[in-house]
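One chain is shown next in structure tokens, namely the form predicted on its own.
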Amino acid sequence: MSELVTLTIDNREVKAAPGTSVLRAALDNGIYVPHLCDHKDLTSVGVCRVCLVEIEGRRPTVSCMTPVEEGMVVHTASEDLDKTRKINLELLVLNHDYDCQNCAQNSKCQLQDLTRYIGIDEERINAMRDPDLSWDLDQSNPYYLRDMNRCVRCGICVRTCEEVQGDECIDFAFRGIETTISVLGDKEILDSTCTTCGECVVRCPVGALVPRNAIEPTYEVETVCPFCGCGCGILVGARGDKIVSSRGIPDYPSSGGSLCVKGRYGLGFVNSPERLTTPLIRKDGELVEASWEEALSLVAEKLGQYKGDQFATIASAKCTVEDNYVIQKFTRAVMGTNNIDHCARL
């Protein structure tokens, strides 16, 4: 393992692994540097230009694109930095929708964090908001909304789609003040190759991409996604006795924090009033509630009436490898048949 690099940030000696950006070295050591387009899961591009720092012996430097060096001395705040950051921030919010109270990202928005830290001159911005551009709200996707009026063109969604999901369904489009994030042909998102994984939604730093009908959970429970045998780790958010959200567990061994459309948006069936919550068995032609012991005993009794090729098993892709192994062992060793199939065999 390479030795750590020692540098000084705001008169504090910190250590970081070689290749770490100055921005990450500062953030990892509890030193705040304003930033917007950088994300720990993605490559750095230095688009927003608000993470500027002063490094002794150099001009103001984009910290997310600058690797640490031994003996480097970094200053994250100065009068010149404040002025430059303020101008760059004004350009980012120039045509941004100010209706923060009605935004699903309110209080969780990185742009709000930046404006609190850097400050903006609303009078200057209003004087520059001409022409006043506006984009139609894209409501085509059943699980999330795209509001380009709240987009700051940081490109996090574009890099997420390319680097994390490998889909590349969105990219920068048009030029100048009309630059936007679009799919091929500038269509609605539902008409693109988007798989609705939601990876761009969870990384969007502002309110341009938000889940539909987002509800804040009162608590979260760590569990495993029920939809397939991959075993992705999820944090299920609940309010009262209803599930209201689902998100990936960061750095989870089997999924790395990523989820598909089912794991992120498909848990609503749990809240269905028609969902069975107890076993049912048929008595006198009627389905009645029963205990698990009673239901399992009945199943065992019925299975005992079949032998060999009279019996067949259909296994499930929702089961783990271990569960499916037990199922095939039961079919072959107990029921005495090789009549077993699985929906994922192709």
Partner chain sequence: MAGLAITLGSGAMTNTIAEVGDAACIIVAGSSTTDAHPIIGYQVKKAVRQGAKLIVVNPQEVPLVRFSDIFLQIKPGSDVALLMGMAKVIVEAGLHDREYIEERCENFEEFRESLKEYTPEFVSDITGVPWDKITEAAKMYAENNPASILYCMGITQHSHGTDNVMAISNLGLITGNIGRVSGGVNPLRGQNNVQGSCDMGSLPNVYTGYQQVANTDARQKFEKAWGVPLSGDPGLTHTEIFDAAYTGEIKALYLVGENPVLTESNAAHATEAMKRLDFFVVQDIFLNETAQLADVVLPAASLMEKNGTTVNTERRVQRVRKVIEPVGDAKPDWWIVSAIANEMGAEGFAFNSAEEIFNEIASVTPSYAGITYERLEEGSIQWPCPTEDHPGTPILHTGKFNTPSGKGKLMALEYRPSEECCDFDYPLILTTERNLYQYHSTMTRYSDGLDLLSGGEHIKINPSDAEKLGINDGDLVEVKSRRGDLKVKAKITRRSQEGVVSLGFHFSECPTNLLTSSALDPLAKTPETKVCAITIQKA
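In this text, rigid core is short for the largest set of C-alphas that superpose within 1.5 Å between two forms. The model shown is predicted, which means the values in this text are computed figures rather than measured ones. Residue numbers count along the first chain shown, from 1.
There is another form of the same protein, the form predicted together with its partner chain; it is not shown, and what comes next is about it.
S.K.: Given its partner chain in the predicted bound form, answer whether the residues 43, 71 and 183 all have a heavy atom inside 4.5 Å of it.
M.R.: No, the candidate spot makes no contact with its partner chain.
S.K.: Exactly one of 121, 99, 188, 222 has a non-hydrogen atom within 4.5 Å of its partner chain in the predicted bound form; which residue is it?
M.R.: After the contact test, the surviving option is 222.
S.K.: Is residue 268 close to its partner chain in the predicted bound form, meaning a heavy atom pair under 4.5 Å apart or at it?
M.R.: Close contact exists here: in the predicted bound form, residue 268 approaches its partner chain to within 4.5 Å, heavy atoms only.
S.K.: Residue 18 versus its partner chain, in the predicted bound form: is there a non-hydrogen atom within 4.5 Å?
M.R.: Contact with its partner chain, no.
S.K.: Since only the chain is shown here, I'm wondering whether residue 304 would be in contact with its partner chain in the predicted bound form (any heavy atom pair within 4.5 Å).
M.R.: Contact check for residue 304: yes, within 4.5 Å of its partner chain in the predicted bound form.
S.K.: Taking heavy atoms only, is residue 107 within 4.5 angstroms of its partner chain in the predicted bound form?
M.R.: Taking the distances in the predicted bound form, the answer for residue 107 is no, it never comes within 4.5 Å of its partner chain.
S.K.: Among 140 to 148, 72 to 80, 107 to 115, 88 to 96, which stretch has residues whose heavy atoms lie within 4.5 Å of its partner chain in the predicted bound form?
M.R.: Heavy-atom contact with the partner occurs in 140 to 148.
S.K.: Which residues in 279 to 309 have a heavy atom within 4.5 Å of its partner chain in the predicted bound form?
M.R.: Residues within 4.5 Å: 279, 280, 281, 282, 287, 292, 295, 296, 297, 298, 299, 300, 302, 303, 304, 306, 307, 309.
S.K.: Is there a C-alpha shift of 2 Å or more at residue 56 between the shown form and the other one once the rigid core is superposed?
M.R.: Superposed on the core, residue 56 moves its C-alpha less than 2 Å between the shown form and the other one.
S.K.: On a rigid core superposition, would residue 40 pass a 2 Å threshold for CA movement between the shown form and the other one?
M.R.: The answer is no; the displacement is under 2 Å.
S.K.: Answer yes if the Cα of residue 15 shifts by 2 angstroms or more between the shown form and the other one on a rigid-core superposition, and no otherwise.
M.R.: No: residue 15 shifts by under 2 Å between the shown form and the other one.
S.K.: Explain in one word, closer or farther, how the Cα atoms of residue 302 and residue 226 are placed in the predicted bound form relative to this form, where the distance changes by 3 Å or more.
M.R.: The answer is farther, because the C-alphas of residue 302 and residue 226 separate from each other in the predicted bound form by 3 Å or more.
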